[in-house]
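Just one chain is shown here, as structure tokens, and it is the form predicted alone.
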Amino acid sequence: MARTLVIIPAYNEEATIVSVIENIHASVPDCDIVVVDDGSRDDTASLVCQHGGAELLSLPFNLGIGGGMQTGYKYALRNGYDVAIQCDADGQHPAEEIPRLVARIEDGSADVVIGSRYVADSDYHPSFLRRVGKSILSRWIDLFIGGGITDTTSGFRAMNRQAITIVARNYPEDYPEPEVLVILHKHGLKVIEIPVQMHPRQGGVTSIRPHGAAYYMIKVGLAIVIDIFRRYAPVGVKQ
């Protein structure tokens, strides 16, 4: 397997962080793990230190998922990893599927591989608002860049070194998963998705509440339009 880093962004995930680390080690023992503690107010950071098995990067205050993931990608780039996996700290993402994501990177199928909840039958049952939002975003992104990605909001994804180099430099701040697909497309990278069986959330609470769904859709939709017309400088890849 390529030299792989699993990045776990974590904010107040004391209920699940240890089991997530253990599951990753059991499924992909050759992968390294870094937990980016995003200013947690609970025992997330201390549990990572006590348990071992993962590097800990502690942010001084909460930056949100965008700042946390960019920190992880900068770490991956600086330390020469070939593949970076984003894996949530709430237990939803199946660690046993990581080798499948990495394999599609290694065989050259794509620069980015998304673990999708929607391209096959799954036990994952999102709320009505989440289904509607997912559908709108998928069609909006497909209108601009094509590719037919159905799960644009999935945070379970793998990136090769070229993609890592891009997102380490330029990563959206808020609700970044759909928007970054446009950024990667603008750089000429290929994104595919494969079906995975997501688990129910094992702890914590979602950052997108029902009353914030409209704000989420408007903000991400406008950001995507801006990204479509923004010009990006070429990014070199460190060998």
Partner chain sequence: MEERGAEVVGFYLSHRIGLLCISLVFMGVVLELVRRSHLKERYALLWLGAALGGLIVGVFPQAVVWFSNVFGFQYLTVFYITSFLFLLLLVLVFTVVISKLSERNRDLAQEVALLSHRLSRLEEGHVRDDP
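The shown structure was predicted, so the numbers you read here are calculated from the model rather than taken from an experiment. Positions refer to the first chain, counted from 1.
This protein has a second form, the form predicted together with its partner chain, left out of what is shown; the following refers to that one.
- Contact annotation for residue 39: none of its heavy atoms lies within 4.5 Å of its partner chain in the predicted bound form.
- Its partner chain in the predicted bound form comes within 4.5 Å of no heavy atom belonging to residue 27.
- Contact annotation: residue 55 falls within 4.5 Å of its partner chain in the predicted bound form, judged by heavy atom distances.
- Its partner chain in the predicted bound form is not approached by residue 139, whose heavy atoms all lie more than 4.5 angstroms from it.
- Scanning 47, 189, 59, 182 against its partner chain in the predicted bound form with a 4.5 Å heavy atom cut-off leaves one residue, 59.
- Judged by heavy atoms within 4.5 Å of its partner chain in the predicted bound form, the contact stretch among the candidates 105 to 113, 91 to 99, 77 to 85, 149 to 157 is 77 to 85.
- Heavy atoms closer than or equal to 4.5 Å to its partner chain in the predicted bound form belong, across 150 to 187, to the residues 171, 173, ordered by sequence position.
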